[in-house]
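In structure tokens, one chain follows: the form predicted on its own.
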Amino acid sequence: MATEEEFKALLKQTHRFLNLMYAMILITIGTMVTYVNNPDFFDLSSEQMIVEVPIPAEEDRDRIENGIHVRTGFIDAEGMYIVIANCTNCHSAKLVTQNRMTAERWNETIKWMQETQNLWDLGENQEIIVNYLVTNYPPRKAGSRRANLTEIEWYEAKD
């Protein structure tokens, strides 16, 4: 029985040793991958380069160029800032402008967002928002595909 106990102890010791070796190999590989991707990572003598990202000044955040609000891409018109304040809190301006709808559909969408997405009561702002969107991003007419190609010079495919 003593030999079986010794064998189990030896097996446990071997298992621990192999786990330690496996961990050391993983650490070595991780270090090598880090070094290959960024050799300066381990250079403790050099000063770390600090990159400062400039925060746009308040006047830059609301800059209008060629009738377009630069930060959001909204058309500069009456009600734009109310749309920005109420719509871009939850999603991008692009999502708003790509959904070109009628006033009725916008009101239905707002009601749906209030019932299912926790949109707050817009009060008097709802009419301003809907008017802005319908005026500046009206629904596109059906069939606005490009015209068929005409007067094309076709050629014979040769084998």
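Treat the numbers as computed from the prediction; the structure is a model and nothing was measured. A residue's number is simply how far along the shown sequence it sits, counting from 1.
A second form of this protein, the form predicted together with heme C (HEC), is not displayed here; the remarks below concern that form.
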(request) Give a yes/no on whether residue 95 approaches heme C (HEC) to within 4.5 Å in the predicted complex, heavy atoms considered. (result) yes
(message) Does any part of residue 109 reach within 4.5 Å of heme C (HEC) in the predicted complex? Heavy atoms only, please.
(response) yes
(message) Is it the case that residue 64, even though its partner is missing from this view, gets within 4.5 Å of heme C (HEC) in the predicted complex, heavy atoms only?
(response) no
(message) Considering non-hydrogen atoms and a 4.5 Å limit, does heme C (HEC) approach residue 99 in the predicted complex?
(response) yes
(request) Scan 103, 90, 29, 68 and let me know which has any heavy atom within 4.5 Å of heme C (HEC) in the predicted complex. (result) 90
(message) Given a 4.5 Å distance limit between heavy atoms, list every residue of 106-127 close to heme C (HEC) in the predicted complex, or none if there are none.
(response) 106, 109, 110, 112, 113, 117, 118, 119, 120, 122
